[in-house]
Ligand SMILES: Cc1cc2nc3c(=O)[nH]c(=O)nc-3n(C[C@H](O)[C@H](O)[C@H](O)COP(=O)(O)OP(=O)(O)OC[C@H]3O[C@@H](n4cnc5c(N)ncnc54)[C@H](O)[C@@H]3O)c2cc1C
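Listed next as structure tokens is one chain, alone, in the form predicted on its own.
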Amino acid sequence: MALKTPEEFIESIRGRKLRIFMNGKRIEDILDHPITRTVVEANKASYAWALDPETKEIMSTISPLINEPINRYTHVCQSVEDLVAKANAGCFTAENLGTCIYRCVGLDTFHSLWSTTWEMDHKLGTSYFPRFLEYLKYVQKNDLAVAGALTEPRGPRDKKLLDWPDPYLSLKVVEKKSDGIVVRGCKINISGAYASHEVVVLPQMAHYPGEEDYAVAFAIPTDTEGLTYICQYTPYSAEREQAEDIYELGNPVFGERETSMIVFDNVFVPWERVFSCGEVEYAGKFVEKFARTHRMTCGGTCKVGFMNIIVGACKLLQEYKGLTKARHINDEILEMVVMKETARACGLAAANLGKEDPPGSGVFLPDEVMGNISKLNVCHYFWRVMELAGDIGGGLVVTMPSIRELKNPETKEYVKEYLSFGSSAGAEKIMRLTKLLQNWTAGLHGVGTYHGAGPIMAQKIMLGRAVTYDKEVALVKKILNIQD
């Protein structure tokens, strides 16, 4: 079985004993809780799309490892065409979910693991790569949803890791046994792990001699003993908890991007699931190759899908309010289109310029320069798109009464009259559109866009390392006949 049905996915995560907390309370069942259920529904959709005749070309492919159809989110790219298909799938899922496809980070860790373990084995004589391939085959054969975890709390930035007051602010190996390792620490800002089958852990940063216990990469089931999930809780979470009808909300079915901090309290990891342990010189490479893949994902695909939603909402609201001839609104929407298509072009350029890395490994990674540029651009573009959408939506984006007032016998006639703006579309449609724009412009997405796949300075640092000016300098010397 290489492709699960949506129903099989639900059954596969039912009854797990997760230790999960939100808003100071224990969650007993993620399938029943209104907030955690949104993550379940987002992952469930990826299973449906892989089987749907209309979308399976986007969301499935044939695995060369097991020679069966698999979900796109378990497939490691092995050609430029794969990278382009990955980019297209990322945009598709984002614009249909309006939130994370929680399998994308796990997929991007696979690319890093494939590339880095192959290189380690060839240079160090280790045997991590075949171990990783066996794990990947297991994931593909069972169509598992896999989350990824890199970000850590970390200690004072002006001190070296070994001088931090708490040695567990970065995930650490505390014991090595004959059958595996024991780790302790925490990963933060982790998207959707509790509704996945597995979580893959990579280092967050480069490590150096003396820090071998921190240079660790592995995969474990999300219900492994010793894991605790402490979930985000925002005003949008509270709103969803008390909603009588999910269509009162800005993203009714799939909600906000849900994350948690994952605490590893002396968690045991079998050796067959350990992909690096102590190889400090490769810790940074895990991070770099993950970021190279994930920045194309964030910058050139998922945020493009989100911007498609925002543009569509603005255009529809413009129509409902009789503003189709308003020149400034047409200019603002066109500006949004230019930005989202520029971001999409950068993402596709990163895919089309991708290369096998390392040569001979079989894994293709996006172009490092264009991948970082796509993410750097979208950090700025997305704020601007939200600004424009807020202008088009008007003050009502943040002042609108609850949609429940349409069911209140004492207020519904007022709301119907005054919030229809004289439109035949009616108040309810306008209010739902306005609520959607509130979800984007007054919600969590701006900061999420800045920091997802690394903040702006991370892209600038990587570009500073990757960009050379030899070609440009040589061109000028040639034009001016300058010879050194």
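Quantities reported herein were computed from a predicted structural model and do not represent experimental measurements. Quick note: we count residues from 1 along the sequence shown, nothing fancier.
The same protein also has a form predicted together with the ligand, omitted here; what follows describes it.
Next item on the list: Have a look at Thr224, Thr151, Asn142, Asn330 for me and say which one sits with a heavy atom within 4.5 Å of the ligand in the predicted bound form.
Entry: Checking each option against the ligand in the predicted bound form, the one that comes within 4.5 Å is Thr151.
Check: If you check Lys429, Lys56, Lys416, His451 against the ligand in the predicted bound form, which one has a heavy atom within 4.5 Å?
Finding: By the 4.5 Å heavy-atom cutoff, the listed residue in contact is His451.
Margin query: Just to confirm the contact call: exactly one of 360-368, 391-399, 253-261, 270-278 touches the ligand in the predicted bound form at a 4.5 Å heavy atom cutoff, so which is it?
Written below: Result for this chain: 253-261.
Note to self: in the predicted bound form, does Ile190 come within 4.5 Å of the ligand, counting heavy atoms only?
What the structure shows: Ile190: yes, in contact with the ligand in the predicted bound form.
Next item on the list: Answer for Ile62 alone: is it within 4.5 Å of the ligand in the predicted bound form, judged on heavy atom distances?
Entry: Answer no; every heavy atom of Ile62 is more than 4.5 Å from the ligand in the predicted bound form.
Next item on the list: Using a 4.5 Å heavy atom cut-off, state whether Val385 contacts the ligand in the predicted bound form.
Entry: Output for Val385 is no: heavy atoms all beyond 4.5 Å of the ligand.
Check: Is there a heavy atom of Pro69 no more than 4.5 Å from a heavy atom of the ligand in the predicted bound form?
Finding: Taking the distances in the predicted bound form, the answer for Pro69 is no, it never comes within 4.5 Å of the ligand.
Next item on the list: Just give me the residues of 454-473, first to last, that have a heavy atom within 4.5 Å of the ligand in the predicted bound form.
Entry: Heavy-atom contacts within 4.5 Å come from Gly454, Pro455, Met457.
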